[in-house]
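Single chain ahead, written as structure tokens, the form predicted on its own.
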Amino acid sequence: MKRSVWMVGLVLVLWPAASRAQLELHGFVESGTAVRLGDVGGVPAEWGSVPAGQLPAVWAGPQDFLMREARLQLRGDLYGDVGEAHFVMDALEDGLRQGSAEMTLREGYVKFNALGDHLEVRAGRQPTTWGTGDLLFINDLFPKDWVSFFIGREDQYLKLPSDAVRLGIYGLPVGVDLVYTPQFTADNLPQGERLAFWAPAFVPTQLPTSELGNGEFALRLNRYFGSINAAFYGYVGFWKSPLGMRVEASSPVGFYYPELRSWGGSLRGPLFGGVAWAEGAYYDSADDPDGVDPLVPNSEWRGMVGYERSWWSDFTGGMQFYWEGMQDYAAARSSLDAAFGPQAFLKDENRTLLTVRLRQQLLYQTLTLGVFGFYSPTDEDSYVRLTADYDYSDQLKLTAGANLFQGKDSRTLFGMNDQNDSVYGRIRLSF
């Protein structure tokens, strides 16, 4: 809390020509609750069959409530003669952590132009997003908060901020965006605190050390060709999830974030009265280039195509097809069998995923009903998000929804959340 207040104060105090700047403040107060549907069962058979001493499974604290919180968000924009500053503060009272109130700085950065407006500099805490997918991310390797996403918080909380410097270069044949994050920021994943989650008993996770060489670099080059936007992406950093495992006699067994290099591209533009997109990338797992280490994820190709359009008045529908192709699959299967036995889990060589989004607006566009569904034919699991947003007035908004998971195997992406079905509601007053 002190760090957040100090950073905002620094922006306001040191901002050049602050006495002549214009400050705009707005925000909201929100109350949110999410309740689990059904009871949490026993140990999944997939974990129970693991031999003693080889990834034994433990349970970490299920709760009936997944969310019970009150939130105040304050947004500020400060415009000066040479640039601007922006901050977003969240004050949260979390009913699942008795006596726990916290203030966090979600955004806090300064932005200015230089070199005759050919260079834009944005420095500070900020969320970053790019790519073409609808809730699917390939070249967007910026941190995500999957816990917030799965318990029913607003979609803005899916994107985690990070302390970074972003440079935008204009006036060239292509637009250039470069993001440097000095300290690696990982995805926020379920760990048993709110969401039911089965995991190996040795759950300690080691983040990359705070060294200059352990920062993250992300690059985007983009240009329009007529109405088609084409982009190239590059990334140097780490897998956003702790997919690596260390087994050393001198230290406890634990997970870590292996090094990752990625490059890819995307196309997005109008098609048949709607919008179509295609995106792909190669994930180079630098810690295991030959794909023979069972404790490190293999390199893989990822790709997707999607299409969305307005089919009739106030109704929008879209679909996506997503694919992951693991490299050196035979080597990965062989090394995993040798280390942990044939019962050890390994995702399919070619994993596929389908998504559908449907949105209907009613009552003069004050009521919005939405369905977003994920289904994986290869994993045989699914996840459906149901939402209903009602704008009672310009200031008051009511939201209700549900998160429904299904899966045959508790080790697949949505199967591991099979006991986390929930309904949620939020009431928000904006000002």
Partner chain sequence: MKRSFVLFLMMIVVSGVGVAGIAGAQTPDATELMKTAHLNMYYPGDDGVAKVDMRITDKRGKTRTRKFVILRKDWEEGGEQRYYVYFFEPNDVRRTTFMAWKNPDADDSRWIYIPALDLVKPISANDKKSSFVGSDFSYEDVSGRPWTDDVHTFLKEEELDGHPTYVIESKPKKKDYFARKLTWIDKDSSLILREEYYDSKDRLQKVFETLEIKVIDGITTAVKRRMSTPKKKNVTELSFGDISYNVGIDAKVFSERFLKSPPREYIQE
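As the structure is a prediction and not an experimental result, all values here were calculated from the model. Positions refer to the first chain, counted from 1.
There is also a form predicted in complex with the partner chain; it is not shown, and the following applies to it.
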| query | finding |
| --- | --- |
| Three-residue site 191, 254 and 350 fully in contact with the partner chain in the predicted bound form at 4.5 Å by heavy atom | no |
| The partner chain contact at residue 219 in the predicted bound form, heavy atom, 4.5 Å | no |
| The partner chain contact at residue 117 in the predicted bound form, heavy atom, 4.5 Å | yes |
| Residue contact check: residue 385 to the partner chain in the predicted bound form, 4.5 Å heavy atom | no |
| Exercise: residue 322 in contact with the partner chain in the predicted bound form, heavy atom 4.5 Å | no |
| Contact segment among 205 to 213, 237 to 245, 81 to 89, 181 to 189, judged by heavy atoms lying within 4.5 Å of the partner chain in the predicted bound form | 81 to 89 |
| The single option of 125, 302, 268, 153 touching the partner chain in the predicted bound form, heavy atom within 4.5 Å | 268 |
| Option touching the partner chain, based on a heavy atom within 4.5 Å in the predicted bound form, out of 309, 97, 261, 333 | 309 |
| Within 149 to 172, the residues that have a heavy atom no more than 4.5 Å from the partner chain in the predicted bound form | 155, 156, 159, 166, 170 |
